[in-house]
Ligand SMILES: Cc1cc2nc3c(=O)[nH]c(=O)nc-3n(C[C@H](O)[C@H](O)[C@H](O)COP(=O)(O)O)c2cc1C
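Next up: a single chain in structure tokens, the form predicted alone.
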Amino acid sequence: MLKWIIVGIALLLTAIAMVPIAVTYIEKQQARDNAEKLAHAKNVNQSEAKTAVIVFSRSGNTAVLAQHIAQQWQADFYRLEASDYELGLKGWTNAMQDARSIRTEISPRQIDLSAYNTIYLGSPIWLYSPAPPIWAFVENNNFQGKHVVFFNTFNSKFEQTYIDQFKQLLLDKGAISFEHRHVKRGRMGQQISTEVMLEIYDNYPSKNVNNKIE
């Protein structure tokens, strides 16, 4: 009996150890698939746009949505980078450890938002909360007089408490309106297609930034 218990425990530990390996493999595959879609999504700040789309995205899923939004509104596009969370096992481990943090190193740390009326902020959800880089960006920037639309893609779910805290942070930074949009892609291996993700986003009731902060 003891022998089978040991075997069972060994199999369980092996299965647990395989989870991060499988997840990082899928993430890298998604990044390769998204790279072609994002080939023309470069940081842009050369137009007279009144809207900016700013996104953090590890494997590119949220970045694809961000590019879609930027094209819709002829907006300037910025993609945040965070070296601690690069693709791979180390980056995934850091992401899980820091998921509830609101401070991390990002590039660019600041963007001059003075020319924009509307700011779209995009981030995946990590352990039910927006990823640390998007918190860090808000912490380090001025949103005085800005309309903000916050959009997420995620595997499982988010907790409204964290969205409310993010909204409050933006309010403290001067934002005058806040709207939250989100698309559930589904768990790894059973996720909706990019086309469906974009369709769900486009079918939100309103594309007008008119949900005022109360």
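Numbering starts at 1 and runs along the sequence shown. These numbers were taken from a predicted model, which means no experiment stands behind them.
There is also a form predicted in complex with the named molecule; it is not shown, and the following applies to it.
Asker: Residue-level contact is defined here as any heavy atom of the residue lying within 4.5 Å of the named molecule in the model of the complex; does K157 satisfy this criterion?
Answerer: Yes, K157 lies within 4.5 Å of the named molecule in the model of the complex.
Asker: Wondering, does L127 line up within 4.5 Å of the named molecule in the model of the complex on heavy atoms?
Answerer: L127 belongs to the contact set for the named molecule.
Asker: Using 4.5 Å between non-hydrogen atoms, is N61 touching the named molecule in the model of the complex?
Answerer: Result yes; N61 sits at the interface with the named molecule in the model of the complex.
Asker: Report whether the minimum heavy atom distance between A95 and the named molecule in the model of the complex is within 4.5 Å.
Answerer: A95 belongs to the contact set for the named molecule.
Asker: When you measure heavy atoms, are E27, S57 and R185 every one within 4.5 angstroms of the named molecule in the model of the complex?
Answerer: Yes.
Asker: Hey, of 68 to 76, 101 to 109, 135 to 143, 119 to 127, which bit sits against the named molecule in the model of the complex at 4.5 Å between non-hydrogen atoms?
Answerer: Result of the contact check: 119 to 127.
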